[in-house]
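First, one chain by itself: the form predicted alone, in structure tokens.
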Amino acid sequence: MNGRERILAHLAGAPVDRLPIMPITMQYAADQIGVKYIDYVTDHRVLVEAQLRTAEIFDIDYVSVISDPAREAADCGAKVEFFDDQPPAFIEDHALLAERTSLASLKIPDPLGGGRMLDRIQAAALFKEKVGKDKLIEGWIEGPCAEGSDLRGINTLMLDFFDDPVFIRDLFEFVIEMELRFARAQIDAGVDIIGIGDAAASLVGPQIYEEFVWPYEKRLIDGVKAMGAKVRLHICGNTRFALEGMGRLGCDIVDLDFPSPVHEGRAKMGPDQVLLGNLNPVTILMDGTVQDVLDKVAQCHNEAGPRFIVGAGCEVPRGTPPENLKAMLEYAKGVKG
């Protein structure tokens, strides 16, 4: 059973030879082939090479186009600062939608128009060519709250929920249409699953999440699934206040970051939701021992039950000892699903 078969069977509730393993590797993957991170985020050929090498070394079941959240906003015209060997960053003081009225004239960029979105689509196509039958291929888009923050500025967006809820809804409408177009292009290029990153959603609290964020996440997820792809939701940070809502979204996989206990996720989302996570990437995966990793994966698996995929709470940090990442695989190999 190869990685693609293993994940798809597990998601379908069918028997598998071992638990799937799906850690997020970005800077860690770049380090496996000795490249600067700026090359990883700007050249799809470098990203694909790094992901394939990492999947080979650690027997990971999937590959991913994930690299940074500044693809869509950059193609909209947002100012993005690039660094030699760390992720790109938005220039908060010069947010594209610093003036709310700018939204009315903002055009949705063509994902195939030659910008940063196209580079991600090209990565998906190259993955399809190289490992389309063997590894699950993951595309990636931003969720409504995350992309809204990228366009408006995260601090300003948080005030907008109170100051101008009409603008928030207009902004999220724009985001959903843009992200569905981007997802469509990645699916056409060959991805099996779309990851949705909505990190800023962990900052809003339960009332705002239910009223403003959840309905647009739901539309985004339903739209992707209508295209025939699976969906993985990844919200960094403490999502304990939103676990029940996240469980109602209909995702194929829900990631849990380390501040959100797996047992709470299972209790709030029910027995059928596939959960992934939630090792602390720093204190356990990077700084812990092999036994620490094994013990924590076992705890997560025990709390999640059989509907579980092995992974960290968030990105595998640079400097993580290879033996610690391999320990996650060793645990997975010892468990038949």
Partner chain sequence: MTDLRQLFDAVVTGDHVTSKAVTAEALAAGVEPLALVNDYMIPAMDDVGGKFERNEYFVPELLLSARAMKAAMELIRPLLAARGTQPIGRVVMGTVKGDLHDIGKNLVCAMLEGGGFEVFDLGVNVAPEKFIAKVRETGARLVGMSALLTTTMPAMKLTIDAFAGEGLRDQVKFMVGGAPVTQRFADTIGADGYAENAPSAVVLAKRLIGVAA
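Bear in mind the structure is a predicted one, so any value in this text is a computation, not a measurement. Residue numbers count along the first chain shown, from 1.
We do not show the form predicted together with the partner chain, though everything after this point is about it.
Just one of 56, 295, 43, 287 comes within 4.5 Å of the partner chain in the model of the complex, counting any heavy atom, and that one is 287. Residue-level contacts in the model of the complex: of 243, 203, 221, 78, one residue has a heavy atom within 4.5 Å of the partner chain, and it is 203. The stretch that touches the partner chain in the model of the complex, counting heavy atoms within 4.5 Å, is 154-162, out of 154-162, 178-186, 226-234, 110-118.
Within 4.5 Å of the partner chain in the model of the complex, a heavy atom is found for none of 2, 331 and 333. Within 4.5 Å of some heavy atom of the partner chain in the model of the complex lies at least one heavy atom of residue 90. The closest heavy atom approach of residue 208 to the partner chain in the model of the complex falls within 4.5 Å. Although the partner is absent here, residue 33 lies well away from the partner chain in the model of the complex, with no heavy atom inside 4.5 Å. Taking the partner from the other structure, the partner chain in the model of the complex has no heavy atom within 4.5 Å of any heavy atom of residue 299. Of the residues in 273-289, those that come within 4.5 Å of the partner chain in the model of the complex through at least one heavy atom are, in sequence order, 282, 283, 287.
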